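Next comes just one chain, in structure tokens: the form predicted on its own.
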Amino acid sequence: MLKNSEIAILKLRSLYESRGYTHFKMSKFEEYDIYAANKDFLGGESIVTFTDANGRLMALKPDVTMSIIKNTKDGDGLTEKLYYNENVYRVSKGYLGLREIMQSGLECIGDIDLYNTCEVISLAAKSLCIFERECILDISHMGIVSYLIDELSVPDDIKKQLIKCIAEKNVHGIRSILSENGSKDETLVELVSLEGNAEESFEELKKICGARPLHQALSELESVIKILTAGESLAKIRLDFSVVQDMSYYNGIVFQGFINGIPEKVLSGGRYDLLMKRIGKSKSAIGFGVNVDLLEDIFECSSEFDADIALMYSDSDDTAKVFKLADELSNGEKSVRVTKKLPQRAKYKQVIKFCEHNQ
């Protein structure tokens, strides 16, 4: 019987392949250099390293996106559409031991236009919806956030503090930081205070941005909202500017996904042209990842039972007939465990004894 995480992977794989994304398989190990140069992208998490037989410093893969970028050809004029199901390995601050996290997701790399952007965000929304629970996709735009922060003309360490407060929707913290730096500007407070559906919030956003030269970012965001909200079977779309990513890596639309019943974000993604440039690539890129491990307990098919049916037999029973009955009972729809003795603590919806059934 498949685990719920395995069911999740199959559902997501089917979704991504339905839009022409091809599977990308990678090694568990990568050379350490690519991660060492971009530790901030990993959220400051530690990287597990070792030296291979050739003397190279290697790392247990802590991230999929950077591995895909590294192994993608540059400047060939093609737009690559790839999906993955991979384990990543991390040691977080304050966490004892190595974590193995199953991720599923996709990357669209190349000449990213409005269609590609909408397709990726739509697939992110549908990735949430296939689990048939109430879900929300929150969208932001780093071009707008970074411009509003840059115009304050504060040092980089203050910018990082503001980003942290924005992510936490800490209005008091934003005001306090600005006040300490001689500013009473309320624009960032108004930005993180936006509430309501995407279309209504966008009208408020235009008022907040005023006459600032943000036409390109606003136009892109407006087009994406109109196209996505017109689609069917999508998650609830909200504008939420507390969705922020590192300004050193992300430069456009960013988003996060949530599913009812899970207390943390399940999905995270966005446009990361700046990361591409830092790794020496000239292409653009947008993608997202789903933390599959978080989905383990949300399925309705999640059951307290080990199998639908326990079929019990003995040494005196006709093996061929037992085999045939097991096939008939399962019929591709029910799970059947054939056993001589019921395991302790095992639970089944139905227990059938072959000797009684075959009378």
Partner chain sequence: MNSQIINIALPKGRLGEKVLKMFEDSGFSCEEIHEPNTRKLIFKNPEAGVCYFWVKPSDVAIYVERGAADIGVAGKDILLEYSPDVYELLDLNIGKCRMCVAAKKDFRDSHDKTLKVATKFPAIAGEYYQSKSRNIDIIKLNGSIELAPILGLSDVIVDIVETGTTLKENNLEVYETIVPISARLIANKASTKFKQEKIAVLVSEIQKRI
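Positions refer to the first chain, counted from 1. The model shown is predicted, which means the values in this text are computed figures rather than measured ones.
Although not depicted, the form predicted in complex with the partner chain is the subject of the following passage.
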property	result
Candidate from L188, I237, C135, V224 lying within 4.5 Å of the partner chain in the model of the complex - any heavy atom	C135
Sole residue of G210, P263, G280, G182 within 4.5 Å of the partner chain in the model of the complex, by heavy atom	P263
E100: touches the partner chain in the model of the complex, heavy atom cutoff 4.5 angstroms	no
Contact label in the model of the complex: E168 to the partner chain, heavy atom within 4.5 Å	yes
4.5 Å heavy atom contact, N85 to the partner chain in the model of the complex	no
Contact label in the model of the complex: F258 to the partner chain, heavy atom within 4.5 Å	yes
In the model of the complex, segment of 70 to 78, 285 to 293, 136 to 144, 116 to 124 with a heavy atom within 4.5 Å of the partner chain	136 to 144
